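Before any questions on how it binds or moves, here is one chain, the form predicted on its own, in structure tokens.
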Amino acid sequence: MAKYDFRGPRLFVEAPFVAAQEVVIEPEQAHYLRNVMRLADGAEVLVFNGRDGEWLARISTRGKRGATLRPERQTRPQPEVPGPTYAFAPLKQARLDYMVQKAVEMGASRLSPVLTQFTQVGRLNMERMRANAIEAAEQCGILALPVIDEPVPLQRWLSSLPGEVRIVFCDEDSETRSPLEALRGVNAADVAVLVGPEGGFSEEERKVLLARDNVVRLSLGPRVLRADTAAVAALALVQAVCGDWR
């Protein structure tokens, strides 16, 4: 039997959880539980808020359209070890939606949009990014939502990084070699994975990155990947070699 049952409803709720203390949910969440899932009073729902772990709660309808949830007990504790940061050049909306969802599924604890010379998208819908992150977490049993940063120029992002953070720089011009060797000794909790735009990094940006300490230059294989595919490939390598897949 699978360790996790994905058949029941699961919701992200902003409020803190205290046993037997009712939580009022958003109207669209009440609609989903009452009219889409057709849950009656007393039905079980799993809830999480990114801080207090996952809880089993029971629904209580309120009026014609509203609903509350009464948390009963914690089913899983909040994970203590954060995942890697994922830094990326913004993409067009459909590919950005996919990338955000997959980065959350792969355990990224922070999403950092960076503006590069060849970035084609300057504005981001931050609410949509958050909605995609929540949806991915709800559907995949994830307990921690990533922090989502406002977009900043690449140089400003680099200047803001703490000294202990190691940048895994995904560079299509890097020599293809074993990621096991490239990532040896890296701790995923202290990693920022950086993927550029569809047009790649400029030579000036590449020189700035390679001149820094704590930079691991990583090839994603002999094929050129689209930026949203590169997100999955890079985070899978980091999690497999030095993250929570070990």
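Only a predicted model underlies this, so the values are computations on that prediction, with no experimental measurement involved. Each residue number is its position in the shown sequence, starting from 1.
The same protein has a further form, the form predicted in complex with ligand SAH, not shown here; the description that follows concerns it.
Trainee: Name the residue from Leu220, Ala192, Val45, Leu183 that puts a heavy atom within 4.5 Å of ligand SAH in the predicted complex.
Mentor: Comparing distances to ligand SAH in the predicted complex, the residue within 4.5 Å is Leu220.
Trainee: Quick one: of Val23, Leu11, Ala227, Leu237, which gets a non-hydrogen atom within 4.5 angstroms of ligand SAH in the predicted complex?
Mentor: In short, Ala227.
Trainee: Pick from 183-191, 59-67, 26-34, 200-208: which stretch has non-hydrogen atoms within 4.5 Å of ligand SAH in the predicted complex?
Mentor: Stretch with heavy atoms near the partner: 200-208.
Trainee: Cys170 near ligand SAH in the predicted complex, any heavy atom under 4.5 Å?
Mentor: Within the cut-off, so yes.
Trainee: Determine whether any heavy atom of Arg95 comes within 4.5 Å of a heavy atom of ligand SAH in the predicted complex, and answer yes or no.
Mentor: Judged by the heavy-atom cut-off of 4.5 Å, Arg95 is in contact with ligand SAH in the predicted complex.
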